[in-house]
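Read the single chain below, which is given as structure tokens and is the form predicted alone.
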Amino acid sequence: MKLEVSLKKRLGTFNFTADFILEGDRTGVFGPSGSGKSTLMNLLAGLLRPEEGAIRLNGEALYDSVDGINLPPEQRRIGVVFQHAHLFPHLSVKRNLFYGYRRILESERKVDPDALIEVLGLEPLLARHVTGLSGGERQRVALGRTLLACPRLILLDEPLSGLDAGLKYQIIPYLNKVFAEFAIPLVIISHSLNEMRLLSDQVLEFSEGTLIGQTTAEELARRSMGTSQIGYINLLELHHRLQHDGLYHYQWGDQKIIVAAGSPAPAGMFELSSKDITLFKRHPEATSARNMLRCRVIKSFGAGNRIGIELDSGGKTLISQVVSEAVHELDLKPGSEIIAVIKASAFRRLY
């Protein structure tokens, strides 16, 4: 996907400006409340009209103030999933799903309904009325309905913010599977860095109505370590679970990870704070921590008054957080060998 945007919009005393070119299929839009994220989404979808500028999607003008082009929302073929599902309460799940699908030309039907229903796990829900669905089920139906309309681009406007953490992380694997399976580009708004990192490859960062940069979610996460109380969050995809003495043993690259809080699933995504990784120059003689990983220092980086240490752990990357004195005392320079010590209870399962 190639999305070219150069826009100005005034809403009362709020001025919005954006000028960027996106090439890629997974983009996040990040910034505090009132920074202009939803304004951008509404402009792209055709729900707001700019004062001036242009929007081009894969070379086609959706809006151009010079040439007098302003395609209505239904002609842009951009799907939107909002924070609230906005399902039709008088229709069943199946009729909600197929609402847009039945209204597009057969030649434009690029998504196989049966395959999508299977990917989203909606088969058991098809005959039910949407009023009896959980929040997570409603969002899956809303996503399915939008995808079956076969848009050229899908906008996700805080689609997970109304859900508790458990439901949120149940839906993320569905989202990743859907967009990988059907190759529909997405732009997602979120306040959550974890969501950004799990769902996007590049990020547009907004502040006070202005685009202040194009970066990656990983770079945002590292930068936020300086202000976050929980530090940098490592995301670890662990596989091949074995249970032993009440602990769960997982494979992570070339390393074994021991986790205290497990689940029946043989694999999953876990988070680990940089503050929960203690570094030793030599293998400790005795410790209550179950994980002692041999690592090599890749580099260090500053974030506020904190120092992040990027480590190579058997081909995987870990970020530990230390104070400046520790950098000198442990000789934490690129290439240094180090032992990362982590308690089994420090890991938190996301999904």
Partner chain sequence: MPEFTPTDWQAMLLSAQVAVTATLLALPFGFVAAYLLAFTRLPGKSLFDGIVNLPLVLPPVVVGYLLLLLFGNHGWLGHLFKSLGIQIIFTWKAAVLASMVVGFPLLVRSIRLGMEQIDEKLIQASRTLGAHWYDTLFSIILPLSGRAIFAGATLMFARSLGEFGATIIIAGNIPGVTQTIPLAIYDYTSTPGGDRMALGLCLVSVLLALSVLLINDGLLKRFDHKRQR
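Residue numbers count along the first chain shown, from 1. Remember, it's a predicted structure, so these values are computed and weren't measured experimentally.
This protein has a second form, the form predicted together with the partner chain, left out of what is shown; the following refers to that one.
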### Task
Spell out, yes or no, whether the shortest heavy atom distance between L272 and the partner chain in the model of the complex is within 4.5 Å.
no
### Query
Applying a 4.5 Å heavy atom distance criterion, does A45 contact the partner chain in the model of the complex?
yes
### Query
Contact between E74 and the partner chain in the model of the complex at 4.5 Å, heavy atoms?
yes
### Query
With a 4.5 Å heavy atom cut-off, would you call Y250 a contact of the partner chain in the model of the complex?
no
### Query
Going by heavy atoms within 4.5 Å, which of 241 to 249, 80 to 88, 114 to 122, 194 to 202 lines up against the partner chain in the model of the complex?
80 to 88
### Message
If the cut-off is 4.5 angstroms on heavy atoms, which of these, I172, L211, L133, A149, is the one near the partner chain in the model of the complex?
### Response
A149
### Task
Answer with one of R109, K177, K256, H129: the residue that has a non-hydrogen atom within 4.5 Å of the partner chain in the model of the complex.
H129
